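The form predicted on its own is given below as one chain in structure tokens.
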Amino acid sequence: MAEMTARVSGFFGRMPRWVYVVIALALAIAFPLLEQFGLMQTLWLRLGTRVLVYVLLAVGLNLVLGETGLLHLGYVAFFAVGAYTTAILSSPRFGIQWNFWVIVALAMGLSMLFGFLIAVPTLRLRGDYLAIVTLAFGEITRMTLNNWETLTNGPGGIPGIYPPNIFGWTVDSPLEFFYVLLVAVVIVIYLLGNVKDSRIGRAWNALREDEIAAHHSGVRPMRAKMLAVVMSSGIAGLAGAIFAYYQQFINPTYFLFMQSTIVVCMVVLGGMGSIPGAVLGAVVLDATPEVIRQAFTTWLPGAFGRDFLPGVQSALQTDFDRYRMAIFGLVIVLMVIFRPEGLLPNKLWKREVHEEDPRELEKTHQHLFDFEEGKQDLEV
């Protein structure tokens, strides 16, 4: 059995990376067509569209958290900037409807500008201090959106966002938004993959490992960190713009601190520093709760009768959000214990997680001897 497992693992390990990319892309393209042929409910198509929004957010945050090693807990603020830019410039609130491409460019540009303004005073901080400051920035942004009623309509939000018009094609259905988001995800991943393999990507990784050593090797820490934060902010702004078009309504409750936490969990679950890992982490964490809900409220009762675990069914139907966060916590704890490198880890990160420091290894093999008897008594 072990030999067969090793053979299968070796076979998949020898396959070129482009084969996996083609398979994943083919599955993503075919997924919405299942709904068109009546093979799945519209619920799953809407879930797939939301998952793609989280994929954009996860690969964007991976630039900061995975590549550069900066713990950013206010990432949802840039998502909010992109969404509100779209809502203000393409809704009945101000009676205007700007061109889709102009709005997307402005959403990304304003998000990048916010990222730059926040990065200037905060990037000199490290670790917990940086996390606390960015967390505060995210909450300040949400509270500003909640209280600036003349512009954002406060808690009432902005309804009636006009659907985008892309080269004369009005995008107004979940199927069409799915493909728009899929194209955006493919373009972003392609560009980030090239950046990751360039000198810029190596500079980010050097900063993550040892900022002092990277600085003395010729890397300019502030410039490299700034670039990572600004690019990451732009991706979040793009996700926010498309999300606002898709929802046709936004308010500050979409941009709670918990959303930043969920995206961080997606990056950690998939594997920090790994673009495929960030994609898989987003898919697993966003889709798993709905799969669990459907399994216990629809599939299993349909197979075993309506009396199958009625208490679980009612709990998942009425109070599922509370249990969803418990599921998130359990998954992350199990991953940290049994697979700290993530589901699809970056090779360098995986090696670092499992590699032992030779100096520490030597210490653990020190022997304590009983000098009177001249023999080994204890190995620590």
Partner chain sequence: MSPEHIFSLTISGITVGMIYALIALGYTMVYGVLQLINFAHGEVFTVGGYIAASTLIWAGVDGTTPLAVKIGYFGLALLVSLVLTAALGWLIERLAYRPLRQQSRIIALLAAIGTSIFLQNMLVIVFGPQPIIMPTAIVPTGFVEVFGARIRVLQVIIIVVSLVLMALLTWIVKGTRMGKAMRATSQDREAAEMMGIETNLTISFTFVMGSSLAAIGGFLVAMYYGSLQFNTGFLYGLKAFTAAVLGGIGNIPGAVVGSLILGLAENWGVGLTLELLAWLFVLGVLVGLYFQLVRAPRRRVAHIAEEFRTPEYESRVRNVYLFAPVLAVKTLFSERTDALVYVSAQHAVRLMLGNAILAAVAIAFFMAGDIQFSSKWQHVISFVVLMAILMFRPSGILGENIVEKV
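Positions refer to the first chain, counted from 1. Every value quoted in this text rests on a predicted model; they were computed, and no experiment measured them.
Form predicted in complex with its partner chain: not shown, discussed below.
To verify the annotation, which of these, 291, 186, 143, 303, has a non-hydrogen atom within 4.5 Å of its partner chain in the model of the complex? That would be 143.
Contact assignment for its partner chain in the model of the complex, among 137, 178, 100, 255, heavy atom within 4.5 Å: Answer to the contact question: 137.
Just one stretch in 111-119, 78-86, 277-285, 239-247 has heavy atoms within 4.5 Å of its partner chain in the model of the complex, so which one is it? In the other structure, the partner sits against 111-119.
Would residue 30 sit within 4.5 Å of its partner chain in the model of the complex, counting heavy atoms only? Heavy-atom contact with its partner chain at 4.5 Å: absent for residue 30.
Do residue 299 and its partner chain share at least one heavy atom pair within 4.5 Å in the model of the complex? Taking the distances in the model of the complex, the answer for residue 299 is no, it never comes within 4.5 Å of its partner chain.
4.5 Å heavy atom contact, residue 92 and its partner chain in the model of the complex: Answer no; every heavy atom of residue 92 is more than 4.5 Å from its partner chain in the model of the complex.
Spell out, yes or no, whether the shortest heavy atom distance between residue 261 and its partner chain in the model of the complex is within 4.5 Å. Output for residue 261 is yes: heavy atoms within 4.5 Å of its partner chain.
Could you pull out the residues of 68-88 that have any heavy atom within 4.5 Å of its partner chain in the model of the complex? Stretch hits, in order: 69, 71, 73.
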